[in-house]
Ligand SMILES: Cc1cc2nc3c(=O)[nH]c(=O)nc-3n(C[C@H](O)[C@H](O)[C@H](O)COP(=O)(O)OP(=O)(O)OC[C@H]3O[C@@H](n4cnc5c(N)ncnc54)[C@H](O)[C@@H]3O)c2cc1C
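The chain below stands alone and is given in C-alpha cells; this is the form predicted on its own.
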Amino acid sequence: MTASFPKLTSDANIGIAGAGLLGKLLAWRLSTAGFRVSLFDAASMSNPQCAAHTAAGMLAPISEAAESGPEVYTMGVYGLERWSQWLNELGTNAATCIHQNGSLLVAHPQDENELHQFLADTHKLRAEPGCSIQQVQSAELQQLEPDLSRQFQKGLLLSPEAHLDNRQLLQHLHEQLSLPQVSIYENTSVSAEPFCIKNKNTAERHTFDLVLDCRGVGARETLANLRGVRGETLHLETTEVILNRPVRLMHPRYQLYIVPKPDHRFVIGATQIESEDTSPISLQSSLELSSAVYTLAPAFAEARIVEAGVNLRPAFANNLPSVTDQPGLITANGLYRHGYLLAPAVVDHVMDVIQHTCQSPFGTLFKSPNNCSSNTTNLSSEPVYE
C-alpha cells in the first residue's frame, strides 16, 4: 500500500508524544534539522519514568542475536556505529558516555554447554564482517576481569560490543533540547492523533503539521497489539569490585547481566516477565539477581542495593519494532528490551520518512513504488543470515 505522506518544509511544527528514548532522540534530530518541536511527557524531565532510565544501556548485537534473530543483529550493528557518531555530535562530555570494551559471556563449569550452544546459535552470524567471538580460558578471563570468581574456566569475549552510561546520556539529550525551537510540556498525559496532540486532563488540543507518537506502553490505547513486558533491575554500589565491561552469566533458566556504571555503581538485570504489573520488585526476583551476582564475584556480598528498578518494555507479538505512518501521524514503538541498541535504526528511518531523503539504511525494506516509505514499516521483514 503506498503512503501519501507529504514532504514537510524545514520550519514545520512537529509535536512528539512521549519523551522516552525515541521521543528525546527524535526531538534532538528534528530540532537540529531546523524543525520546530513540541515534546510532551506524562512524567517530569527531572524524574524520568521511561524504560530508558531503568535500562542498563547495553549495545550488544551479538549477545542478543542468538535469541532475537538476524534483524536485531543488523539494526544493532548499525546502532553501535551511529551512537558513536551521535555522541560526538552531542559534545565532548557526551562522547565519554560510550565504553567500547566488548562484553563477556561466562558460565559455571556445570553450565558450560550454554557457551557451546551460544556458539552453535551464532555459527552463521560469525561469517558477518565485524562479528568477533573469541573463546577465552581461565587465565585470560582473569586478565580481562580480575575481580570475577576464579571458578569460571571458560568464556566468550564479544569484542565489538559496548555499553552506555545511559542516565548521563539522557541528561545530555535533555540539555540539547533547551533551545528556542523546542517547547517541553512535562507532567502532561496526552493522546496522539493525526495533526493533533490532546491533553487528557484538560482536553486542550495542540495542532501540528505532523505528530509523532513515541509513548511506548502508553500507546496501548491506539495500538491494540502492543503489550508491556515487565523488567526488573537492581542497582548496586561498591568499591570492592571493578568491571571493565558488561558480563553475562549464561544459565539454563535465565541470562543475568551486570553492567558497570559511573561512581562505583552496577546495574544487575534483568527479569523478563509477561506481565504489565508495575509494583515493586518481587522477593523471588531480588533473591535470584542477588545470588547470581554474588556467584559472579563474591566481593559483591558487601555491595549496597541503592535502587530497585521496575518498568515495562513495549513489545509487539514478534518482539521487533514497528513504524507506521499516515498523513499527520507517525507511530514508532516496540523497542522491547533492545531500546538503546535499536533506537538509531528506528530514529533514522523516521527521519527519512519525514524528510523524503530515501537514505534510510533499511530503505530496501521500506521502499514503495512512489516514495520512500510504506504505510506500515515492520523492521523484521528481511533476514540477514539464514
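All figures in this text were calculated on a predicted structure; none of them were measured in a lab. Just count from 1 along the sequence shown to find any residue number.
Keep in mind the form predicted in complex with the ligand is missing from the figure; the text below concerns it.
Item to check | Full three-residue contact with the ligand in the predicted bound form, heavy atom 4.5 Å, for 19, 40 and 231 | outcome: Judged in the predicted bound form, 19, 40 and 231 all sit within 4.5 Å of the ligand.
Checklist entry - Is there any non-hydrogen atom of residue 216 lying within 4.5 Å of the ligand in the predicted bound form? => result Yes.
Next on the checklist: If we define contact as a non-hydrogen atom of the residue within 4.5 angstroms of the partner, is residue 206 a contact of the ligand in the predicted bound form?
Outcome noted: Outside the cut-off, so no.
Checklist entry - With a 4.5 Å heavy atom cut-off, would you call residue 51 a contact of the ligand in the predicted bound form? => result Because a heavy atom of residue 51 falls inside 4.5 Å of the ligand in the predicted bound form, the answer is yes.
Checklist entry - Using 4.5 Å between non-hydrogen atoms, is residue 29 touching the ligand in the predicted bound form? => result Answer no; every heavy atom of residue 29 is more than 4.5 Å from the ligand in the predicted bound form.
Checklist entry - Since the chain is shown here on its own, which stretch among 349 to 357, 317 to 325, 65 to 73, 330 to 338 would lie within 4.5 Å of the ligand in the predicted bound form, judged by heavy atoms? => result Partner-contacting stretch among the options: 330 to 338.
Next on the checklist: Give me the residue from 103, 176, 122, 311 that has a heavy atom within 4.5 Å of the ligand in the predicted bound form.
Outcome noted: None of the other options qualify; the answer is 311.
Checklist entry - Going through 187 to 211 from first to last, which residues have a non-hydrogen atom within 4.5 Å of the ligand in the predicted bound form? => result If the 4.5 Å heavy-atom criterion is applied to the ligand in the predicted bound form, 187 to 211 yields 188, 189, 190, 200.
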